[in-house]
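One chain is shown next in structure tokens, namely the form predicted on its own.
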């Protein structure tokens, strides 16, 4: 039996026809979970007692899936992949997960992430490094590393993720799958451990565009517990996909896509950009108009720094409640302040502590205008520029990162000035709350690479439809990582 490597639509048909049961799907998914755990360390918790649900007309009913471990799940360990919450079992479930449960979806594991979502490598979770199922010497990117690895390996057809800078979309590219971050507020963030509240998005990792639409349809909805959520009940993502893209207008950015911008380009970067330009020609063959546009290089190169300042500042504020008194393992100390200091010093990884130091520094009264307020100003300039593009174009299409997954050995959470803007342009989708999706775009060095499509706010259907048409013209739909077979 190998149903977990199929699409949601195919599994649903098998369930409805009686070809397979929900119990059998859960058993298969759990077996694959343990196998992948041994190979890639993708999970914090495997839910051995997951219960089958009734199969209904809901496409997600009876089908197993994975939950990123920064979503609160009642009665199930929810750690955020941090030692500060290594024993935390919540008393409530995140709204997005409750919405999936109401559709009959069955959670079978909690997936590893970079600690509290703060990292782009999948190497800082408290349970260890997540390995890429295509090549165990490579990373999955972060922070939704465990979710991406599990979906790519065929443990189930989808998993939840969260995206603050690119944490759904880049792991999807590195693992050869689909990663979709809808418009900010379409999915409630209530019960998602907050990293940077103005940037955090909930979303999904799948192996097809239609599956991504199905899952987000199941997760979305207005929520009284999240004042930033909006009513999207009249937006039917899955039902609206028809593949008709004739006359759609796309643009790509010269300063990010022109190989001449990278004098020290290695072979993987060259191949990646050549691959991307071939995809542009494919878009044209589908009836879309695609134009090259120019954006101020200085503005583009400012994006990574803006992200660091704003995200670290918001994280410092959001995580001030992690004291060791309210929840988490109590630390030792003669006085309360020493207890809290020991808890935070011993509990957080070096990367997290560096980010908290940055966040505290940029928020100090003598520094706030120079760093935090300036970062907010540049964020506005970037968002305004993208909105200006959306006045003329249906979407911006760009390569994801500078090539395939990076090697784990010697990896570090640092920027390469030569390719920083190319690596981190996906952050602009978070600055503006834009709907953004990554789909597989072929291979470089026998490893998957991705292409990203980003559109204006609330135009998710258009973005999904463009992605679906492009996906349908290529041979990478619903692919399973070869090393995981």
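It should be emphasised that the depicted structure is a prediction, and the values quoted were computed from it without experimental measurement. Residue numbers count along the first chain shown, from 1.
In what follows, reference is made to the form predicted in complex with a small molecule, a form of this protein that is not presented.
Taking a 4.5 Å heavy atom cutoff to the small molecule in the predicted complex, the contact residue among 252, 372, 190, 307 is 307. Screening 185, 154, 324, 120 for any heavy atom within 4.5 Å of the small molecule in the predicted complex leaves a single hit, 120. Under a 4.5 angstroms non-hydrogen atom cutoff, the small molecule in the predicted complex lacks residue 78 among its neighbouring residues. With a 4.5 Å cutoff on heavy atoms, residue 143 counts as touching the small molecule in the predicted complex. In the predicted complex, at least one heavy atom of residue 195 sits within 4.5 Å of a heavy atom of the small molecule.
Contact annotation: residue 355 falls within 4.5 Å of the small molecule in the predicted complex, judged by heavy atom distances. Proximity to the small molecule in the predicted complex, taken as heavy atoms within 4.5 Å, picks out 160-168 from the listed stretches 228-236, 160-168, 383-391, 279-287.
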